[in-house]
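The form predicted alone is given below as one chain in structure tokens.
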């Protein structure tokens, strides 16, 4: 069974914003991505790195903590990875991953800096080349645990326009999900930029869930609730999953090879997905409790 840890909401928090870092323990985000890249001005990179690592070491509550470093080729990349190795973060998010070599280089640098074996790598897919090589990226490192769609940079590089239905990136989003699922990885959708558009946010979250993503990356705390709602199994979905599991167990006990639930034929793939849905719901309930 794939990892069922809830990652419904993944909030970016600027590493240079001390007040925002202090508020993290009170947030209901499943994942917090402490950001040293886009959210930090060049002049503040060194200070932000020190503040972010210190905050992570102190503890930032129950969320899964991920540190987004600056990309390879920047003046801060090497020091970011060295600091990340001993930060205590659960994972390191690499920006603009456009090929497997980016992950392999980061993996070597983390190992050399003494990163624990449990520290995962996450990869942002946010360039045309990255999308086209997503399947290669997904197989690049045993540390890799998640692909993250970077739709803002992707739209810019495509010279496309942001549209309400996101038709400009649907092919890319599905490609990222396909690569993730083929390699047993988690997948997170890109951010919703219009903070005044509640309906658009809700629609984007539902669309991401329909496409197969595990959750959505976010840029403001008020959007956490919408993402959590969209990516939490609903009562109907959970009820159906439990009926499938029960019916399948009863059929096996009776030696029957055919199982029908709510008028639909149930196969082993449906049973496996039903178990995942129930396990996810249990993990979410445990987190709430």
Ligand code: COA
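Residue numbers count along the first chain shown, from 1. Since the model is a prediction, treat every value here as computed from it, not as a measurement.
Here the subject shifts to the form predicted in complex with the named molecule, a form of this protein not shown in this document.
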Pick from 76 to 84, 137 to 145, 167 to 175, 212 to 220: which stretch has a heavy atom within 4.5 Å of the named molecule in the model of the complex?
212 to 220
Pick from 182, 199, 112, 195: which residue has any heavy atom within 4.5 angstroms of the named molecule in the model of the complex?
195
Counting non-hydrogen atoms within 4.5 angstroms of the named molecule in the model of the complex, say which of 247, 39, 44, 240 makes the cut.
39
Against the named molecule in the model of the complex, would residue 20 count as a contact residue? Criterion: heavy atoms within 4.5 Å.
yes
Within a 4.5 Å heavy atom cut-off, is residue 251 in contact with the named molecule in the model of the complex?
no
In the model of the complex, is there a heavy atom of the named molecule that lies within 4.5 Å of any heavy atom of residue 27, even though the partner is absent here?
yes
Going by heavy atoms, what in 5 to 23 lies within 4.5 angstroms of the named molecule in the model of the complex?
11, 12, 13, 14, 19, 20, 23
